[in-house]
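A single chain, nothing else alongside it, follows as structure tokens in the form predicted on its own.
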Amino acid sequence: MSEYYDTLLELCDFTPEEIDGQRPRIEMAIEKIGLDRHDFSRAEERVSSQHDIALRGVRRLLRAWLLELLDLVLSREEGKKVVYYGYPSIQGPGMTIKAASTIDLYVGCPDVVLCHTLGQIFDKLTPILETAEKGGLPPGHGLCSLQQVRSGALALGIVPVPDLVTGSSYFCDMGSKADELLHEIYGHPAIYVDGSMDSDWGAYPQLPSARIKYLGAQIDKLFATVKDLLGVEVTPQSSEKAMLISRRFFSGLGRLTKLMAADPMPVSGVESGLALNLAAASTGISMTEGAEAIELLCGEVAARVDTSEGIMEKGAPRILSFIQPFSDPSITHMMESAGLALSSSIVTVPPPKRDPSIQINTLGEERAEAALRDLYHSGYGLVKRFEDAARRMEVDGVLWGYLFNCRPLAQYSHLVKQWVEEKTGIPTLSLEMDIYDSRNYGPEALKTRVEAFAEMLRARKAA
């Protein structure tokens, strides 16, 4: 017998047989989250209007996010041990732990999962944020809204108290501070992966061995703690398994980025963001279904490119952005309606290749070296990555959407713009926003600056 939630699930590529098989889990999760038939009606409208569901690859990605939500919310009821990690996170440790597990284990980033499901699909983040603001992370203090999502979801009982949390204090001090607050409230153990984002100006992409060893030792400490607390031992074999999955995933993202460089742009940046962030948040569904969904999407987008089908007019300025908003796709759609083709993200433009002369001694050092080559090197490394990516992608403009309440990003609020424009001559918009909570930084609040930037780029291309 069909239920009120069936239509949304069918829009997201669930078959009737799958829905019937999952019905007890679906209804248990709906009760825990507090969703009703009106929420599902609104979600149907949002998915239909905000996502390109003519593409089955998009529907498969939405399905993956909803399956991940079920796994997260029900992990304790289903007898799993639970490990949470923060965002942004060094790519790999979470997936490696999951690959090493021989027990029922949920590993993921609940904050990002909730943004892409309760936020992006259901538009139900506000009650979670308000709960956190009443319980230790108050508004008006420049606190990370992503940490508020986790805090509020724990307080409301939407997600379970974990068996272990790992914080990304190598990048953001707010993550570990919030985890310390939650540890005091709920008592779960936390292991902090520490590090340093400092380096001599101009050093990137050189990697001092001391930094690789230090950050590597911190990651190895995490692996040792997981073994002690959960009995899950990370091995070279499990690490290689995780890396093979990750390579396939990011190979698909790289292909999608190249396809989106076509003129006209064939698909919205909303959908590339949906794909990109799945790997960052999920070490469950992304490992089993993520790469396949992205490859399916790439095939469909390639077909659009072959027929010159696009979502905006030909000749629109192509933009390199930082990352798409997680919970409110209307912001990206506003930017594209203004005439900006958000064709690439710095996160999907590959970093410099590994220096084979660097000696790697542990699994942690292997992960550390890869992270330091990418976005976790230094302030200089960040601006150089933007410069190099803008040149490589041959874009018309750069959109540096920095989070006002994220100290690691806000400190470069205007440096990225100054550096990229001076080194490449490519116009850059430095835009204060919040990619998780759009209550104060919604599309209307950002529209005037975005439209002016788009008009300037069009005039520049026409000159």
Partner chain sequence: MEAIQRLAAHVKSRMGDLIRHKKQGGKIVGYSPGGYLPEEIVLAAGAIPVCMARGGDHTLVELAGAYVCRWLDTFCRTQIAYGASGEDPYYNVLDLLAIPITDNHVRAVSDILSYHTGLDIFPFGVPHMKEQAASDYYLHGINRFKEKMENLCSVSITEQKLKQAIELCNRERELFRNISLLRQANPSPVKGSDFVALHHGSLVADKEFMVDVLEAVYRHFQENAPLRESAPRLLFTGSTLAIGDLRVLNLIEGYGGKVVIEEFAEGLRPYWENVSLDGDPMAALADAYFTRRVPPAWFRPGTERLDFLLKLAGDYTVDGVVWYHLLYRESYKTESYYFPRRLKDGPGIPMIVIESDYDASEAGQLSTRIETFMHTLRS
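The shown structure was predicted, so the numbers you read here are calculated from the model rather than taken from an experiment. Residue numbers count along the first chain shown, from 1.
Omitted here: the form predicted in complex with its partner chain. The next part is about that form.
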Could you confirm whether L244 comes within 4.5 Å of its partner chain in the predicted bound form, counting heavy atoms only?
-> no
Is there a heavy atom of E180 lying 4.5 Å or less from a heavy atom of its partner chain in the predicted bound form?
-> yes
Any non-hydrogen atom of K314 within 4.5 angstroms of its partner chain in the predicted bound form | no
Flag R255 as yes or no: does it have a non-hydrogen atom within 4.5 angstroms of any non-hydrogen atom of its partner chain in the predicted bound form?
-> no
Each of S169, Q218 and Q411 near its partner chain in the predicted bound form, meaning some heavy atom within 4.5 Å?
-> yes
Heavy atom within 4.5 Å of its partner chain in the predicted bound form: which of M334, V82, A389, M197 fits that? Just give me the one.
-> M197
Could you check which residue among R46, R407, R56, K32 gets a heavy atom within 4.5 Å of its partner chain in the predicted bound form?
-> R407
Quick one: which of 261-269, 71-79, 247-255, 169-177 gets within 4.5 Å of its partner chain in the predicted bound form, going by heavy atoms?
-> 169-177
In the predicted bound form: members of 418-447 within 4.5 Å of its partner chain, any heavy atom | Q418, W419, E422, E432, Y441
